[in-house]
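As structure tokens, the next two blocks hold two forms of the same chain, structure 1 and structure 2.
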Structure 1
């Protein structure tokens, strides 16, 4: 899977990509075309680069990073021109300008990078390309068939200028035929020179391609390091089987709360190759937990630091998510039918022993409670039998006793009358997860409804019904 595909599926990824300080369209294309990684050594190589860049930005040579970013702003995506040179085509002056301009900027970036104590990205030296396209050694990022390419061309151009000067002095002189002959000759020589220039560049086409990719990669690495610094992300350690986060947070939601002078409560969570139920009242942040787990998994496997104080993450081959606001009800499917199609995909992956991360929000919530509970327990049983790393949020009680259960604390203490209202209730919610071995789910819905000022008759009658059933 490419990152551009993942962005369309995970809203938090789009927010982070928009927050990245990429300096070139080349870097943006490189990032979006990045493939999800599944091998620990490949991921760690990328994270090493991000960490080294992060360290440089914290040290005495931080200014070099800024200078490199300034150069990166001058980088153009010359993929089309490069493709033509690799096919041994004759480039026009615009394409040759693009090649020359890129070679100059690439070498400038290489020179700046050589001032680091450690090399970040191996960028080929393009001096040979520059010498071909800049025979007069003026280092100007433009291209012209210079006189230096051909003595015959220089002589012909000089004659043309002399004739034009003579005609300017005496407009009645008939020099048209001579000028046409000379200008045609100059054009022929220029074409020959252009062909020779392209033939001379061709042997370096692989170096140009590597430099193009490496410069784009450098742009991405620097942007990843800056993102990690700005958002207080950390480098995750890759685990064999257990996934564990300390102070995990969702950066987009954290930022939105900060704009309202509110604080995001980070959470700790540990997952094994089995089912973990998360229970708790509405407004308790269960859905946010699932979205953050998905976001962190994608970030790690695309080579980013993750939003947490510390993290140990087991790699997976697929991330399967069923969250209410992401469900499709196309083709006439009801919300329940749409959900079951997704759950079926997850179950089949589990039965086939695929290495997946499964995240399900309020499984079977749109059917009756009796059948819903039965479905939840059946799915959980399959996931447990096949050691599938999975998290299921639910309001149902009577859950499978062999599954681990966590509960969001929520409003787990008493408050003075009038202390909480609909405007400040989120400030009193405790989003921490606690182990919960009970087979029933705490009934906080009525308490929250009362705080929100719901009609008292509803509260009284609902409480009466609960007492009658107990």
Structure 2
């Protein structure tokens, strides 16, 4: 899967991409075209680069990174011109200009990188390309078919200038076909020179392509390191079996809360290669936990640091999420039907013993509780039997006792009536997870509805109904 695709599926990922300080459109394209990685060594290689950049930015040579970024800003995406070189076609002045200005900035970045103890990313030296396109040795990013390429051209151009100047002085002067002949000659020589220049460049097309990729990669690495720094991300360790986060947070929600002077409570969570239920009151952040788990998994496998204080993450081949906020009406399915289609895919992956991460929010919540509970237990049993790394949030009680359960602490602090309202409920909510082996789930729906200030009649009548039942 390419990052481009993942972004369209995971909103939190999109937000992070927008926050990245990529300096060139080239870097942006490179990043979006990155494939998800499944091999530990591949991911570690990328993370090593990000970590080195991260460390450099904290040290004495931090200025060099900003200098490289300034250069990266000047990089243009010469993919089109490069394609023409690779197919051995003749380039026009604008394309040659692009090649030259890229080669100059690429070499400038190469030079800046040499000031590090070891090079961050290998970039081929494009000196030969520059010397072909810079016959007058100006080292300025501009290009035309210079007089220096051909004595004949220089002479012809001079003659044209002289003729034009003469005509200017004496507009009546009859130049006959002289000017035309000279202009044609100049155009012919220019074409010859252009062909020669292009032929001289063809052998370096691989170097150019590599440089283009490496420069783009450098842009991405630096942007990843800055993102990690700005958002207090950490480098995850790749684990063989368990996935464990200490102080994991959702960057987008954290930032949104920070804007209104609120704090995001980071949570710890540990997952084994089996199913895990998460229970807890409404508004206790269960959905956020699932979204963060998905986000972190993607971030790691696309070579990013993750939003946590520390993290050990097991690699997976696919991430399957059912968070019920998609537009099921659009494909003509009811919310229950579209959920079941998704769950089916997950269960099949589980039965096939695929290495997946499965995240399900409030499984079977849109049907009657009796059957709903039965479905939840059935699905959980399958995940358990097949050791599928999976998390299911639910409000149902009577869950399968053999499955592991985590509960969000929720509103367990003491508070006076009227003390909490919908604006400050977040301050009273404890989002931490605790191991839980009780078969019942928290019954706080009415309490929270009351805090949210919904019509009192509902609360009263509902309470009456509950009393009547018991």
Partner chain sequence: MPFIKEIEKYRSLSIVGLEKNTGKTECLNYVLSRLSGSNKQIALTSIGVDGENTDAVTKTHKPEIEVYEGMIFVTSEMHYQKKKLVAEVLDVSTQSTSLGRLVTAKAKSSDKVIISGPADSMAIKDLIAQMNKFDVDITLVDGALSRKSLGSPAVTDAMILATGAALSANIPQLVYKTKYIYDLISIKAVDEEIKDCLLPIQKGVWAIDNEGNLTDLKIESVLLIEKAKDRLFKKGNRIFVNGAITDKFLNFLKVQKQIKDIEIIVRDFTRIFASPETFYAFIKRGGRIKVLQKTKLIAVCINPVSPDGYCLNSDDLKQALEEKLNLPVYNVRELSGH
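This one's a predicted model, so the numbers in the text were calculated from it and none came from an experiment. Numbering follows the first chain given and starts at 1. In this text, the rigid core denotes the largest set of C-alpha atoms whose superposition between the two forms falls within 1.5 Å.
Practice item. Identify which of the two structures, 1 or 2, is the form predicted in complex with the partner chain. Key: Here the form predicted in complex with the partner chain corresponds to structure 2.
Practice item. Establish whether a shift of 2 Å or more occurs at the C-alpha of residue 203 between structure 1 and structure 2, with the two forms superposed on the rigid core. Key: No; residue 203 is a residue whose C-alpha shifts by less than 2 Å between structure 1 and structure 2 when the cores are overlaid.
Check your understanding: After the core is overlaid between structure 1 and structure 2, has the C-alpha of residue 398 moved by 2 angstroms or more?
Key -> After core superposition, the C-alpha of residue 398 moves less than 2 Å between structure 1 and structure 2.
Practice item. Tell me, please, whether between structure 1 and structure 2 the C-alpha of residue 158 is shifted by 2 Å or more, with the rigid core used for superposition. Key: Shift at residue 158: 2 Å or more after core fit.
Exercise for review: Could you tell me how many Å the Cα atom of residue 176 shifts between structure 1 and structure 2 when the rigid core is held superposed?
Suggested key: Comparing between structure 1 and structure 2 after core fitting, residue 176 shifts 4.1 Å at its C-alpha.
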